[in-house]
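Before any questions on how it binds or moves, here is one chain, the form predicted on its own, in structure tokens.
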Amino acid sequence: MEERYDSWPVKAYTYSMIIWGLASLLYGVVISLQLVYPGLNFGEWFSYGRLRPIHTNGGAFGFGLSGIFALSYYMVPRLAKAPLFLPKLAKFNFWLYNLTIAAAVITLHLGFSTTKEYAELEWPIDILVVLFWVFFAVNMLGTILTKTVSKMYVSLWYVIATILGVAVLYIFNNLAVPASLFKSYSLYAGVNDANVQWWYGHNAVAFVFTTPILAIFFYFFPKVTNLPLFSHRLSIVAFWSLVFMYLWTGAHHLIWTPVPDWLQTVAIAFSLMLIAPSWGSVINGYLTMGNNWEQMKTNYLAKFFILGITFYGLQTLQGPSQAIRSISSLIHYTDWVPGHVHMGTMGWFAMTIMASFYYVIPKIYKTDLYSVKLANTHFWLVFTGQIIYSISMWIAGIMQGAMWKATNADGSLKYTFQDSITASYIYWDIRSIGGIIFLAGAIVFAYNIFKTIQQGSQASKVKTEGAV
């Protein structure tokens, strides 16, 4: 039965996921150090301003999309009980995708940038992004449309939402007028530009960091625990509620700005409502464990998935609370925000993707994982690194917000902005330590995966030679 499923895209994207993932983490560690040690800004090409968007784009669209593509190519044909729609297109798309990511890295190093968060790539690169996304969509939707089973498991709904959501968001936010080969100007201006940008920016979180990862979680978590999903009905209700509510929340990034108050209020209201469908998925994950919580000790993958969904739950409590005006006035523009973001990317996003590869790679190479001990070591390194990173940034953020708001008896500011920067250095050092520990965990993960692939390839070669 397994032979009917094409494993080439899964294997290929595994390599690009590891390469872009390690590179983006290394960039992240470097820029965290650059904030404290300016001497590490090695010329303009390797300055913080150039490296930071490479880190964010590399993590989200290099590591993230590689993992999402690989795992989608694995689970969608199996859920549809149908072969991949266009295998040759998948191969072509793999090379187009990696060419696009490489072009993004080079152009950002050279300083070609729109300066829009998560949308820094200039228009020629945007066209390549649209092309590889359309090709991916054709293969996934084509496979789903040719499915041989009547039931649509929730993971397929999340894959469809990801495909449509990213397409709409990316195209509309990146509409621009080219001025030269690598310079363009947004079609929007002023408040409209900011509103469209954060409609895109926050929903990039929805349709890259959330919906595809929920698809992955709901497919692989029951597999690794050998337990049926607690409630498919709950997962579907949570899906439709999440997709509807997420699209209205982008303006919560623009509280206390010239964006109209009514729009801010709509975003705040929907942000708070978003807690319900998000926690619908969290509770579904917890209840799937039932009376089998001993697996947290005996099943190394259960730890990854349960901690991953827990970080998702915490993220979706923290995010809506940040939208409340009084809380936003304290923590917005502070280091609290990267602490919040990285709890999601390092805790939920990365841990869920990595755990899924521990399941997939042994399956497609017909071997056992090289080392469960190394996988456990990886878990504790990334868990510890993420906790150190997030907590240090939350403390720094509250401190910064309090210092910026503090006033003397005469109403003058008690601290200068430079005072808050100086007070933040210790927390930035601690953040770097957390990032280095997380990077060490990712290196352990990469080694374990490569050794598993090598082990499986050698066994296959011996078997083939024996048959001859």
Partner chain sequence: MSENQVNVLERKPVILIIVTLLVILIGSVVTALLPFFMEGMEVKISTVRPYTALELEGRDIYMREGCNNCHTQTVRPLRDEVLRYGEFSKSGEFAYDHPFLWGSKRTGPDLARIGGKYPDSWHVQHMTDPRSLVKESNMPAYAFMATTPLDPSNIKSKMGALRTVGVPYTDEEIAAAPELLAGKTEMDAMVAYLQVLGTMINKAAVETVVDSATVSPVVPDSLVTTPETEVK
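Computed from a predicted model, the values in this text were never measured in an experiment. Positions refer to the first chain, counted from 1.
The following text describes the form predicted in complex with its partner chain, which does not appear among the structures shown.
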query: Hey, in the predicted complex, is Pro228 touching its partner chain, heavy atoms inside 4.5 Å?
result: no
- request: Answer for Tyr427 alone: is it within 4.5 Å of its partner chain in the predicted complex, judged on heavy atom distances?
  value: no
- prompt: Is Thr115 one of the residues lying within 4.5 Å of its partner chain in the predicted complex, judged by heavy atom distances?
  reply: yes
- prompt: Does its partner chain get within 4.5 angstroms of any non-hydrogen atom of Leu35 in the predicted complex?
  reply: yes
Heavy atom distance at most 4.5 Å to its partner chain in the predicted complex, all of Lys81, Ser432 and Lys463: no
- line: Answer among 439-447, 401-409, 22-30, 65-73 for heavy atoms within 4.5 Å of its partner chain in the predicted complex: the stretch 401-409
query: So which of Val372, Ile324, Leu86, Leu164 gets a non-hydrogen atom within 4.5 Å of its partner chain in the predicted complex?
result: Leu164
- line: Answer key: of Thr367, Asn98, Gln295, Thr334, within 4.5 Å of its partner chain in the predicted complex (heavy atoms) is Thr334
- request: Within 4.5 Å of its partner chain in the predicted complex, which residues of 149-164 have a heavy atom? Give them in sequence order, or say none.
  value: Ser150, Lys151, Met152, Trp157, Ile160, Ala161, Leu164
